[in-house]
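Shown next as structure tokens: one chain only, the form predicted alone.
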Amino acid sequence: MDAPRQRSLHQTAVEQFQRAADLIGVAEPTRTILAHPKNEVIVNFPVELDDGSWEMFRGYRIQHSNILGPFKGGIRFHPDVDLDEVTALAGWMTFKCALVGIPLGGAKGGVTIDPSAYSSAELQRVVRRFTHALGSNIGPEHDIPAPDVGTNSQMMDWLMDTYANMSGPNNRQMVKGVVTGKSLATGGSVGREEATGRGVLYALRHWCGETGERLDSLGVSVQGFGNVGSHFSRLAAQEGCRIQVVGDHTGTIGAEKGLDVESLSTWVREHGGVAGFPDADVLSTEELFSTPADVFVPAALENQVTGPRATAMDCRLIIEAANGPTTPEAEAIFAEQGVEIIPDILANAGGVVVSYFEWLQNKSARYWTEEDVDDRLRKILWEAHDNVVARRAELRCSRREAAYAVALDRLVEVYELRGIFP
């Protein structure tokens, strides 16, 4: 169901922040810095497969900015991973962290691989070889990876263990914070797995507060039923939303009265996708977009909501649970139609916020309760949404431009105060 890329994703990311920079008068030197990543690390590394053969893999770690704190961003395992994609994603992470006010910078990494084509043992060797190849380019006070598309907590455990064993014996218990999204047993945080989906729900709840809508009156369509889409759907259904259409790489299903999300989650765990789920209508990929809904949540990959799809869509709100899911052409169509968009750097920021919490817990060796995590997450995200709404009213602009303006306010101040060395 993946749509072909129409243009450079990094170009789109730069144009997005430049629009906000125009509105608030950001000086050219700062724009130039933020339009480029600070470091580009590309590694090629061999891995022995189960049959004894060897395969070369290419991996990336793009470090966009660390002006606010250590580089931070996920590691993606996907066949389409390339330099343009991870460069765009790294930049979005910088603005995301600045927007929600946490002291981290932006980075992104990935390996060009289809993880479903390899055994668990082979994937472990890929993760460990990639970690070793990155070497000192990552570290708990320098660059902190996390899970992303195609990766999970088990892979983060392998990454952390590899990095620990690359460290001196006196430091091996001090490096758990080299990566977040780990399993609880190895130093992860409660609430991290569902954090991004929970943040998407907070975005919806804030919009309801702005508009007077009720959660239990809304019909929702969701593209993507991986970590983010499934957790959001479950949490939204608990609040009374009707999850009426869900699509993933295996197919699209729908039910006018709403899908049983708990049963669907169990089905996906057992069958690998939504296709074949009983008591649901089978729909086409394009029907996922054209079926009327109050809210559409793209939670898959970038560039999925294209111009033609936007023309066919009938919804009032789009919450960008994925990074870069809406093309510029589609965004222009939505602006004409009056469709509201909660942008990715705000909508899906819950994951990096709780990653920040995990990093803090690793540094202090003291762990928080689920109630602590959820309460702190809600406060940070709610304040970010409030700031965006206020800045939007002041600038009379789109919600995306307002979100970038809030982030730029913080980034510009620090760049101006710190200057450029030497």
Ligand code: NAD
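Residue indices: 1-based, along the sequence shown. Computed from a predicted model, the values in this text were never measured in an experiment.
The protein also exists as the form predicted in complex with this ligand; that form is not presented, and the subsequent description refers to it.
When contacts are judged by a 4.5 Å heavy atom cut-off, residue 108 counts as touching this ligand in the predicted complex. Within this chain, residue 248 lines the site of this ligand in the predicted complex, having a heavy atom no more than 4.5 Å away. When contacts are judged by a 4.5 Å heavy atom cut-off, residue 182 does not count as touching this ligand in the predicted complex.
Of the heavy atoms in residue 163, none are within 4.5 Å of this ligand in the predicted complex. This chain lacks the partner; the member of 144, 300, 155, 86 within 4.5 angstroms of this ligand in the predicted complex by a non-hydrogen atom is 300.
Scanning 244, 227, 291, 124 against this ligand in the predicted complex with a 4.5 Å heavy atom cut-off leaves one residue, 227. Remark: of stretches 248 to 256, 276 to 284, 233 to 241, 131 to 139, the one touching this ligand in the predicted complex is 248 to 256 (heavy atom within 4.5 Å). Taken together, the three residues 150, 192 and 304 all come within 4.5 Å of this ligand in the predicted complex, as judged by their closest heavy atom. Shown here without this ligand, the chain has no residue in 9 to 45 lying with a heavy atom within 4.5 Å of that partner in the predicted complex.
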